[in-house]
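Shown here is one chain on its own, the form predicted alone, set out as structure tokens.
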């Protein structure tokens, strides 16, 4: 899978924090709190951990003692996470190819978490992960908290005639292979629910949209640039019209608004 820079992850973190559904986050913490006492600190395995944003989101919401195993393919991001949290949290970092489910260090987990990850993977990946975790439940029940899965919706104000064309092309790009097979993109939430229910989990959904305005100007500007780069050359996207869309959108980054839809999901053994 392609990497993400520390700067980008830091830039989006406040929007991610605001977007997370607080009720579902609290349910995830309650699942941790209900872990059998004999296990000591419940273990959270965070996939695609980056610099530790999920850790920060959950520990900010609750003071429950938790052990963290942060898993990512990017050694630079893992080193940053260790530097930020190694002295204040019980943190283990693990470098791993996230696409190799059979090699992921999931053993002992009470909760598997991920943020903005599962829209990058294939349904086959989700199916395999659900089966592995269902098997682990025979010894120790394990849940899944997957936040900020893109749902395919983006709404800009003020509007522009190219908004729909750009969104359609962007959603098509989101289905390209990101290193896990054909990506789920906007279908991630539905596919996760389907596969985990089939594997014997109870699934709860919540909406978690980014709601961006002038205070998020730097993030909006990067989002516009990233979307334009993803759709450039796509069928039906005229180069000149796309350039004009970018100019218009950037001119409104400080005064307009943008809402990007996401879905949070919690799956626990039924």
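The shown structure was predicted, so the numbers you read here are calculated from the model rather than taken from an experiment. Positions refer to the first chain, counted from 1.
Quick note: we don't show the form predicted together with a small molecule, though the next part is all about it.
Practice prompt. Would you please decide whether residue 162 lies within 4.5 angstroms of the small molecule in the predicted complex, comparing each non-hydrogen atom pair?
Written response: No, no contact at 4.5 Å.
Worksheet item: Is residue 49 close to the small molecule in the predicted complex, meaning a heavy atom pair under 4.5 Å apart or at it?
Response: It does: once the small molecule is placed as it appears in the predicted complex, residue 49 has a heavy atom within 4.5 Å of it.
Discussion item. Can you tell me if residue 139 lies within 4.5 angstroms of the small molecule in the predicted complex, counting non-hydrogen atoms only?
Written reply: The answer is no: residue 139 has no heavy atom within 4.5 Å of the small molecule.
Worksheet item: Is there any non-hydrogen atom of residue 72 lying within 4.5 Å of the small molecule in the predicted complex?
Response: Contact check for residue 72: yes, within 4.5 Å of the small molecule in the predicted complex.
Item to complete: Would you point out which of 188 to 196, 164 to 172, 131 to 139, 89 to 97 contains residues with a non-hydrogen atom within 4.5 Å of the small molecule in the predicted complex?
Response: Of the options, only 89 to 97 has residues within 4.5 Å of the partner.
Worksheet item: Though the small molecule is not shown, can you say which of 117, 101, 184, 111 has a heavy atom within 4.5 Å of it in the predicted complex?
Response: If I apply the 4.5 Å criterion carefully, the residue I get is 117.
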